[in-house]
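Next comes just one chain, in structure tokens: the form predicted alone.
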């Protein structure tokens, strides 16, 4: 995004704590649900706030003390916590680090919540580019920028009708960050089937 993403549902006192990635995530959520919707939510990110983690390591290397606030905003569920505070959402919230399982892990977790009887679940994928300090080669796991996708899922109702399951096709599409753009293109196109996979974790989405 060229402009600073807007987050009208977030109190101004909380907005000051948002990193660029957290702001993008909350902006995307705001485009997907109403502030009063308190849905069970699944967050899935391969790297989380890895840029903040690197900053803390550099602070330690310089012999300086860490800020407790900076630490609390760097953990893997930090953005999930900010979302809970911003929306007053006390429903079930899960934060995943899927690694080679890619996008499939988030869908499995969300579908499990739906099968337990929840009518809707919010599924949020997000990642940012790895800092140069972390070489991704020979792995295929880093974007060139930030990418966020928020989906509201239900077993019945309006919207894109999808089936999801294991795929027999062995693929090497990289980890979640690289798979994410393919899913976004699939949802916004006439394409009927999408197969993605990495290291034996192969998934298929089909529009019905």
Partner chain sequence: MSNMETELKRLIIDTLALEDIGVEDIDSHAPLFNAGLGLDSIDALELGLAIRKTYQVKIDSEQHDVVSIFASVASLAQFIESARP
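Remember, predicted model here, so these are calculated numbers, not experimental data. Residue numbers count along the first chain shown, from 1.
Absent from the display: the form predicted in complex with its partner chain. The rest refers to it.
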Contact test, all of 119, 163 and 185, partner its partner chain in the predicted complex, heavy atom 4.5 Å: no
Per-stretch contact check against its partner chain in the predicted complex, the hit in 65 to 73, 27 to 35, 144 to 152, 166 to 174 (non-hydrogen atom, 4.5 angstroms): 65 to 73
Contact of residue 13 with its partner chain in the predicted complex (heavy atom, 4.5 Å): yes
Neighbours of its partner chain in the predicted complex among 37 to 54 [non-hydrogen atom within 4.5 angstroms]: none
